[in-house]
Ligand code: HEM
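There is one chain below, alone, in structure tokens, taken in the form predicted alone.
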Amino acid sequence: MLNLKTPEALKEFVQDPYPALSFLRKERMVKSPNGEWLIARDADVDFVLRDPRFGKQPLPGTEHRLPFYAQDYTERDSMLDIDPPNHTRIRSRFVKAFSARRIEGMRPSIESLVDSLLDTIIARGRMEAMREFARPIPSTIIADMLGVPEADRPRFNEVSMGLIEGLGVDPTTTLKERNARSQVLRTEFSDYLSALFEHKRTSPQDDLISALLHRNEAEEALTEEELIINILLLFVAGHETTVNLIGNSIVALARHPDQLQKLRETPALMPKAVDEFLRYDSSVQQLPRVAQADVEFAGHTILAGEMVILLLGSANRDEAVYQDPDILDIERRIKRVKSFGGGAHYCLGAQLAKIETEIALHKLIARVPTFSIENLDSLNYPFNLFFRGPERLDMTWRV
């Protein structure tokens, strides 16, 4: 049984969850001390993602079966946390901004951004890669898409990081303290966006917020609260997971110099390599779903209202799907990895995240031919069961 009740056990797990996840795959599914069902195998995760009997919200009268930390689940109303038809109504407003054609058209601007970052760093011969490289790329791109003024972006990043920390399980703080801190940040973000909305209503620009406000005035489809919470979701989810994907990929390459050499010699492998980085060390490790009815599954009965945790990081290393799953192989034939979820809630920004990572790694490898990570053997990972990425990467290279 996986038990993370002690700080020591929790620390060991977040540093390297994969041995424990391997154990859970052998068990197939277990019920945790908090009452959630942990689902670890690729086929089972895929089944739940596609089965309409599993959703985001508990049916009325079944809320008492949620784990204690999710008792406010019914109060959440971002498109990440709700079911159709409201999910369909809200998501449809944002889909156009993330169309494949539009995202592909962003490649030149992403390339320019990455080059400009490296221009300011390369002569130094060192950087803290998470803060100076991985974070600015997706945060700048999503801020540009939304139309957030440059002067406001540093605080936006701080709020985003604070909200991600609030989703963690740091044993030095209580759930109540983390929720209180998150609420302060959400209120600050909401107040800021309300003021920004007023500005863009009178002075619209070519950005997503202006477009949403213009369409909303014509169709009155979303409330201001719905706009605010889903723009917050886009900003936080739209860059935090990509920051970690870039960081995890750099770590994977530093630990597998043979794979790094392959990419140097054959840059065309990069799109396939990014799929392998997603599989090998997913920046999103798990997703929750809630049973909408009693479901017989793997010899157990999951009751309506009970939560299942889909262990994406485990599914991506399932021996039944991938030979030698604990080995990084950038030429591996990849089944669709689970890192972006699936079904109706498949990540809107999946293609953007992959393109940003492709470009970031390609430019880094091309312009910094040899690099090393000074703290590679002493990386620290946050106390977070949902998101995975190193807190810092001290990178050096010859100038």
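Just count from 1 along the sequence shown to find any residue number. Heads up, when I say rigid core I mean the largest set of C-alphas that superpose within 1.5 Å between the two forms. All of these numbers come straight from a predicted model, not from anything done at the bench.
A second form of this protein, the form predicted together with this ligand, is not displayed here; the remarks below concern that form.
Of the stretches 255-263, 154-162, 282-290, 296-304, only 282-290 has residues with a heavy atom within 4.5 Å of this ligand in the model of the complex. Within 4.5 Å of this ligand in the model of the complex, a heavy atom is found for all three of L312, G341 and Y346. Using a 4.5 angstroms limit between non-hydrogen atoms, L245 touches this ligand in the model of the complex. At least one heavy atom of R91 is located within 4.5 Å of this ligand in the model of the complex. For K56, a non-hydrogen atom is located within 4.5 Å of this ligand in the model of the complex, even though that partner is not displayed. Taking the partner from the other structure, this ligand in the model of the complex has a heavy atom within 4.5 Å of a heavy atom of M79. This chain appears without its partner; in the model of the complex, the one residue of L193, I209, L234, V114 with a heavy atom within 4.5 Å of this ligand is L234.
Of the candidates R181, K200, H87, K272, H87 is the one whose heavy atoms come within 4.5 Å of this ligand in the model of the complex; the others do not.
Fitting the two forms on the rigid core leaves the C-alpha of L278 displaced by under 2 angstroms between the shown form and the other one. With the core held fixed, the Cα of V114 is displaced between the shown form and the other one by less than 2 Å.
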